[in-house]
Ligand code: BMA
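So this first bit is one chain, no partners, the form predicted alone, shown in structure tokens.
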Amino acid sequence: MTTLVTPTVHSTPVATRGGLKRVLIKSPHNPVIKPSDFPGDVMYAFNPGAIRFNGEYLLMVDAATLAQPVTLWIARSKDGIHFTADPEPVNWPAPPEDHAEDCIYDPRITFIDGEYIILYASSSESAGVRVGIVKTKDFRTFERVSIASEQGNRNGALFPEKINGLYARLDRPFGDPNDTCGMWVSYSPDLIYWGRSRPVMSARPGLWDSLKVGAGAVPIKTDKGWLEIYHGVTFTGAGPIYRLGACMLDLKDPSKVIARGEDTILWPEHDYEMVGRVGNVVFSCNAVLTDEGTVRIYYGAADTCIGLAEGKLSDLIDACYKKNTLRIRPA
């Protein structure tokens, strides 16, 4: 059973930097992981799943090799800042015979029922993108659970406990890549068959998440609801911009949005976030809660390297309820 987190009430103002109030502060050590930190021929390293395991921070990183496909590679750290990559990429289990797997990426790691369940994007030329699921107990050997039957779905994030007796996941079904996409919740009795899907929230015209929204981190349970750190996309003349935001979902029915902040909480601003494989991107597949009530987010920067940002859980919850007084609102 997931421990219910009750945030500490405090009067410390949200940190400021560069004249802006910030819920999340970026590490001065950024980027904390670069492609050169891996022993293999890795061109880009980004979008890790993250969890605390055996007293360490463990990141499962998207590693793009010279052959072009993305594979998953684990890096470990005692302090959460200085990471050492494993000698080899993850020994990923073979896909089922009816689903060729050309590329695997964007893992999200959930500890539930004594196992670590990893949801990831499973891509193939023949079947498109689907949500894949594997499990492990030691992050050395991995066992395949399933690949979801529906095509055109990604950003799967499994809740850390069952809801009304069922496994629950956030996901993002989509059609045409240029279509507006929203976040959904789906349920399963066994991690294999999924259904009872319901919309959670959609893009918001005129705001920073006006084109697409999708799950980022595995949700964090609090006394106010499920805290979800999600990504949002807007389109500009120079192309899309990916940012992070925060929302609060109902504990018993996560299709109900209790609160959704109007401001982004993390955005690209530095060279390593604005220039790379995909420019103008911050993207997260994790939010690691420490015993001190700090949330650490390891985020992909321009699909090239990995940054660290952290903030207080209580500030992230407050951000879900924040309105922007400068927003131009429809009449």
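Note that residue numbering begins at 1 and tracks the sequence as displayed. This one's a predicted model, so the numbers in the text were calculated from it and none came from an experiment.
One more form of this protein exists, namely the form predicted in complex with the ligand; it is left out here, but the text below deals with it.
J.: Going by heavy atoms within 4.5 Å, which of 52-60, 281-289, 23-31, 261-269 lines up against the ligand in the predicted complex?
T.: Going by heavy atoms within 4.5 Å, the stretch is 281-289.
J.: May I ask you to check whether R154 falls inside a 4.5 Å heavy atom distance of the ligand in the predicted complex?
T.: Because a heavy atom of R154 falls inside 4.5 Å of the ligand in the predicted complex, the answer is yes.
J.: Can you work out whether D303 and the ligand are in contact in the predicted complex, taking contact to mean some heavy atom pair no more than 4.5 Å apart?
T.: It does: once the ligand is placed as it appears in the predicted complex, D303 has a heavy atom within 4.5 Å of it.
J.: Against the ligand in the predicted complex, would D209 count as a contact residue? Criterion: heavy atoms within 4.5 Å.
T.: No, D209 stays farther than 4.5 Å from the ligand in the predicted complex.
J.: State yes or no: in the predicted complex, is some non-hydrogen atom of E228 no more than 4.5 angstroms from a non-hydrogen atom of the ligand?
T.: Contact check for E228: no, nothing within 4.5 Å of the ligand in the predicted complex.
J.: Consider the chain as shown here, without its partner, and state which of F159, Y105, W194, W73 has a heavy atom within 4.5 Å of the ligand in the predicted complex.
T.: Selected option: Y105.
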